[in-house]
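Two forms of the same protein chain are encoded below as structure tokens; each is given separately, as structure 1 and structure 2.
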Structure 1
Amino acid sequence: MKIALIALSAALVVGAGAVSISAVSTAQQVSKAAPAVVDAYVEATFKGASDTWKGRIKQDETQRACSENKNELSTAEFQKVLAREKASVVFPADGKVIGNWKEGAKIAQNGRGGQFSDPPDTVGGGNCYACHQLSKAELSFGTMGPSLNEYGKIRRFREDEAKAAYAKIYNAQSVMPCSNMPRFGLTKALSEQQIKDVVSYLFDPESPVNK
């Protein structure tokens, strides 16, 4: 599955910010969107799409919960989604989450793989710079997500922190339900090796991210 599918995880959840426990107290003040309204909106957005794309825009249980509740989950629903998404994370069988940072840099820069014009065999990227600052040398980056500059250095290159980063890249909603960040591993937008390489880009001391 491609980046656009994964990006759809963010696009389909109505509203902008990711919910937090502190925000749950306002959940009851937010009107719940009717399922039929959500379905109609999604269908209209992708009107005329191919059968392949129509299959991609079908929401899973978590996407539907976030859409219908406009990202403002009740405490019970928040915990339910968190548990479900955590259970979906698959760590590498060899126990290693660090790959090749040079390959990770390429993946972070690559935004192909989810465009309508991309051939089916296009190797997708993470398009990380669309939302984050990483290397100081990069002048063009998005600000939807936090800066990741010196990410590994700040975390003292700890193994548990690298594993946590792998989990978040694999499925951001396993860390924060209704996150805008794509679920790269869950939807197969990135392979296990690609995720390892991105984690290495964040954690290798020689990576430009940590210089």
Structure 2
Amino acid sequence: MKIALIALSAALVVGAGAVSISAVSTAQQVSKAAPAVVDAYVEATFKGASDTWKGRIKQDETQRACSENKNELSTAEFQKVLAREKASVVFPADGKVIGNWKEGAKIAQNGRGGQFSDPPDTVGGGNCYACHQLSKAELSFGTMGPSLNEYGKIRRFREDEAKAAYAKIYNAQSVMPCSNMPRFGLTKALSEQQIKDVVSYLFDPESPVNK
């Protein structure tokens, strides 16, 4: 039933044609809001939140640069962000980036954690499937990011590639400034162990990602 309803709403999006497009006065010039004005609005919008929550939406320099440039940085700014984010990546002390792919599979599926509706002790996931295809068997995947199917296999299960994937997941912007992918390690959305498990999900030959 639920699937049928989703199909219905999807069909609607495609089919609804009762809308007229008017390109009229949208080109009207409205000047850009001063950053201080925007900050004041944002602050007022979340006035009721706790200090912990408020702290989470204080922008860092990278978020600020990406927001103000709609994710398209000048070359100089791009290099600056890249260097800063690269420097933030912390690899496991023993240099080993491989964990347990079965745990990684759960983390890739799990979209819980970090929302104001979640109980504070919720163990959060990476919600990789929200944006990526991974295992062929999972049909419910998003398309905001590229398919990661056979990710390790394509890379011949190489250790340096697994390390690069660890860095990518730890901080996506250490590879690609202003990426839409969350910086899971930097913001502690995922723990070191969780990132290792997810890397294994991508790189273990037994993982369904590589089947």
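Only the largest set of C-alpha atoms that superpose within 1.5 Å between the two forms is called the rigid core. None of these values were measured; they are calculated from a predicted model. Residue numbering: structure 1 sequence, from 1.
Two forms of the same chain are shown on their own. Structure 1 is the form predicted alone. In the core-superposed comparison between the two structures, residue 51 has its Cα shifted by at least 2 Å.
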